[in-house]
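Only one chain is included here, represented as structure tokens and corresponding to the form predicted on its own.
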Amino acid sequence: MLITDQTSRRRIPTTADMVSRMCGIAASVLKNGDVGPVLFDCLKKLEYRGYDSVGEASIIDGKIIVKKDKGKISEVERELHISDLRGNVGIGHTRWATHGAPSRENAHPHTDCTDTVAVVHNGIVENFMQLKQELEAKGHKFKSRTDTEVVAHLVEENLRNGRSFAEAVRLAANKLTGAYALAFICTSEPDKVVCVRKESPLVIGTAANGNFCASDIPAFLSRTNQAILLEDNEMAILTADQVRIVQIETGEAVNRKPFTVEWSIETALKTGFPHFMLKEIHEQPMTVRNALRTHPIYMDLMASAINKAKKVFLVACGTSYHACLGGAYAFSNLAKAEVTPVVASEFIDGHGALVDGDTVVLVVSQSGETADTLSAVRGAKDRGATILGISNTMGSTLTRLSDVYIGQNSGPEMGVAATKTFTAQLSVLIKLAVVLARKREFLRKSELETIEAGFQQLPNWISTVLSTQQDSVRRIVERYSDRSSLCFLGRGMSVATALEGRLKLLELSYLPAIAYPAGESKHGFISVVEEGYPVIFVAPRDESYSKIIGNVMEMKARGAKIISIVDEKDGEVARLSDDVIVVPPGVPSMLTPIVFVLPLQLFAYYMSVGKGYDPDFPRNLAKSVTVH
């Protein structure tokens, strides 16, 4: 299915089809020529999907040849000349690490015990530990610390049992849980690429000189504009002159014709969105789902450390600090744990004297390289604290300094202003609070069932907001684009949402916005409220709802224009508001920031665009602040 993006007026694949990003994979089957330069060109166009390691594999004289290493594509090319790879069938990969730090061993492609099968992967295999144990019991030997390698061994096992290449892949895919886009080559059928898809994007390209598959259309757009989108739970068998699609579960054939891609390569890199930031906002259904897929063993290790500690601090900067504020509410309310959120630059001066061997410092950082954050980590380690890390960058300094770390699994974030970082980090923190609450046996069965069901529904709620409220947000922005200041108010868990909404507006539109806990608005802020001043309320129907109504009335009595984010069953706040943005009902209170922040991200984006600024590159800001 195709939809039209109203901003760019270009036809684009649906969000579910195209916006997941973790790594970039590519494959080609050519009638003439070598795959090395073709795959290299594809991977260069996919480098925005990941850039900590790269590799290619092809079949030459009946053997699989692999060239791979950690580093950016240009660096690995200088060392290994991957573009020189011969053969007319091959696969390639550019990585953003989720399991195993960046290294030659963990770089893709991965092979089986006999080097009969090679595979590249974008996504997360949730049950890889169980599968790995089963395969090791059968004598399989593993060379990497990735979740991906198990898939090569699964296919090898099926080939041993007399299955064809495609059937071996299909049966292996049926054993996987999680999200994956996979492409395989095999020496027993060296004229084929077999690829499969579940939740992670995969696109087929068809051309006169062969066929391609890749994570995104830009990979092959310079060679063909004829594309086929694989749907979830489908497999494609590619030869040089044919593409055959089947259902993974049943093997039943699927008929689907190519469509013509009318984008330029530059537009295609953003999947039809005018800016990376808007694309990344729309990626959040998948990135939140991936964040919640963190393996239970890592969650349990972190929860056990927190459970034993006498003092626990959450330390971060910027958007990550706001995620920590929300996380602190979750730890307190769900696990009855006293957790103190602290801005990293103030941690040692303000709390260093309290840090000792009974302290846990849980550090959150997208890059894992922020100078103030690392300074806090080193200071805490020097005082004997246990360091826990949550980062989007495996192999970063934070992950190396941490006693236990978890990847938030968001994939690269190209926009400088963080969006999917906030929702992914907060998802991990709330799930960690739930794991700790289970360990302490503080959650009633009904409470646990409600929040676990909420985790399952989160991607759907996010998708609903993004698909239904974008135009409403844009219209509201147009009405208030001439204002010189705005204020964001929330209570309880929604204070973190309000602060993050204000930060996004500051970063992108340069307006001197204000954010307060709504109960504090009577102290200072209320003196600047005058006729027409816009106040944005984050107002879920949670425990603070009756109090937020009073705050709305206070602002309205002084002439403020009230913009409220409410759920669709709201009555009183919506009635009192001048403008309303609606989210789906039923979101558990602890999860509301993940859903209610979405309109604020869109608000900041459209305010920036309306003022003629580039939201991907706001002035004076950098993605990772590596100076104090």
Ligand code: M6R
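Don't overthink the numbering: it's just position in the shown sequence, from 1. Keep in mind that what you see is a predicted model, and the values were worked out from it rather than measured.
There is also a form predicted in complex with this ligand; it is not shown, and the following applies to it.
In summary, among the residues Val473, Ile548, Ala309, Leu503, the only one with a non-hydrogen atom within 4.5 Å of this ligand in the model of the complex is Leu503. Interface residue among Cys317, Val529, Ile348, Leu171 relative to this ligand in the model of the complex, by the heavy atom within 4.5 Å criterion: Cys317. Although the partner is absent here, Ser367 lies within 4.5 Å of this ligand in the model of the complex, judged by heavy atoms. At the 4.5 Å threshold, heavy atoms of Glu507 reach this ligand in the model of the complex. None of the heavy atoms of Leu230 is located within 4.5 Å of this ligand in the model of the complex. With a 4.5 Å cutoff on heavy atoms, Ala418 counts as touching this ligand in the model of the complex. You can rule out all but one of 112-120, 358-366, 144-152, 481-489: in the model of the complex, only 358-366 has residues with a heavy atom within 4.5 Å of this ligand.
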